[in-house]
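Let's start with one chain on its own, the form predicted on its own, as structure tokens.
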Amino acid sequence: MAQRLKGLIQWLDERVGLGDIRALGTHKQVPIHRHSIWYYFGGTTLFLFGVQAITGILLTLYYRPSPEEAYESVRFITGEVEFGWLIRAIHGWTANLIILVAMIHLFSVLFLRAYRKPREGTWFTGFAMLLLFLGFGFSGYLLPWNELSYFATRVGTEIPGAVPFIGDTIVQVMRGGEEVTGATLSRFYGLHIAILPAMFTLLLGVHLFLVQRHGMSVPESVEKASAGKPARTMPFLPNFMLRDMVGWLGVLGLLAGLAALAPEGDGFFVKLELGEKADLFGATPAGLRPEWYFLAMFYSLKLLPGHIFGIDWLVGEQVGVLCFTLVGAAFFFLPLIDRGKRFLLVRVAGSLVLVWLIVFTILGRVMK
């Protein structure tokens, strides 16, 4: 058996160049310092995306994207397909966990200033992938076609309508019409399983290439402290990769535990229960809330008055959407904004945004 495996490896090496790949991995060095723990969140995000892709493919084998069959197909998956409930629960928990891990990764890069030259492109692609994760979450939420997802999508797709001049057009494009109907479900399904994965795969390839090209950033404080001294490093293969895989096993165990013990979510932040089928003519449920990663924006918009300072043309929702857009643009172009001397301001602003996200996410869930 060992001889056959060795022969297979040699056969692949002659045709694919496994030796070159192995040499590249062993040549690549990963810095070792007190902030090295943050390096693992990028690999964990990639691992969670792999779990999402595998479980999503399995669910697609049974899911039927039509208003008449979507709800019944999900109920069939959870009730009739062997281990279908587990696959759906893992997919749902991973969808939430991947956004949390990606956010931690984003803010760690921000506070360590790992986006500085020449890694601007790494930041741009990474931030764009976080936005795609939010798109995955929003588009996938409607697919069960239950009461909660239907009305949450109807409320969520109304928000872009606050954009001046083009808001109504954006809403119609998102919904495929004036209201959330079967056309919306078809669009969200295509977006969720085809368009967003294709865009993400492209960005991921560029992101990984840039990480390989420029290596992992070392914080400025570590660079100054070790000036004139040989930098401590370890090979990517096998040292760092094995450590990363231990973390993946831990995350996989966490997902399995959450899915087995709470297949319908925790009932507070993560809600995966199927509930009742969507009734397009029913009343909007009381206390409707979006997923936790949209709660901060939802609650902020809810607190804004109809008109700012009583001025008719300063519509509160429009001002809120404009502020969120400006903050998002500032985050995206952060490497171009921060030129060294402004880093203290960037750190303060980043801390304020992080505090706002945490506090308003909690308030958005507990407040009526």
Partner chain sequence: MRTSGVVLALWLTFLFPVVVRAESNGCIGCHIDDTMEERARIPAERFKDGVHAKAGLGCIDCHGGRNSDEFMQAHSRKNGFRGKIKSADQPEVCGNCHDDPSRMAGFGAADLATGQADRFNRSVHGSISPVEGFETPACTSCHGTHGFAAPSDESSPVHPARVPETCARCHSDLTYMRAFTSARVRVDQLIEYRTSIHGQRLAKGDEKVAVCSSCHADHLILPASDSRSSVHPLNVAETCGRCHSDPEQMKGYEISAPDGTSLPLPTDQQSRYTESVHYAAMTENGDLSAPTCNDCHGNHGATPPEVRAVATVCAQCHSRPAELFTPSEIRKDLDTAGFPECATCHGHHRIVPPGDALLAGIARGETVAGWTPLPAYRADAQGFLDGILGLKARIDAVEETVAAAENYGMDLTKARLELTRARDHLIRARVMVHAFDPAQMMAELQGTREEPGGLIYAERAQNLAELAFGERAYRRKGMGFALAIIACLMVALIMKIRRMESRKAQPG
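Residue numbers count along the first chain shown, from 1. Note that the structure is predicted; figures quoted are calculated from it, not measured.
Quick note: we don't show the form predicted in complex with its partner chain, though the next part is all about it.
Although the partner is absent here, residue 263 sits close enough that one of its heavy atoms falls within 4.5 Å of its partner chain in the predicted bound form. Shown alone here, residue 85 lies within 4.5 Å of its partner chain in the predicted bound form, counting heavy atoms only.
In the predicted bound form, its partner chain sits within 4.5 Å of a heavy atom of residue 79. Taking the partner from elsewhere, residue 287 is found to have every heavy atom lying beyond 4.5 Å of its partner chain in the predicted bound form. Residues within 4.5 angstroms of its partner chain in the predicted bound form, judged by any non-hydrogen atom, belong to 237-245 and to none of the other stretches in 197-205, 96-104, 130-138, 237-245.
Contact here is defined as any heavy atom lying within 4.5 Å of its partner chain in the predicted bound form, and by that definition not a single one of 160, 164 and 167 is a contact residue. Of the residues 225, 173, 155, 256, just one reaches its partner chain in the predicted bound form with a heavy atom at 4.5 Å or closer; this is 256. Of the listed positions (118, 177, 250, 190), a single one reaches within 4.5 angstroms of its partner chain by any non-hydrogen atom in the predicted bound form, namely 250.
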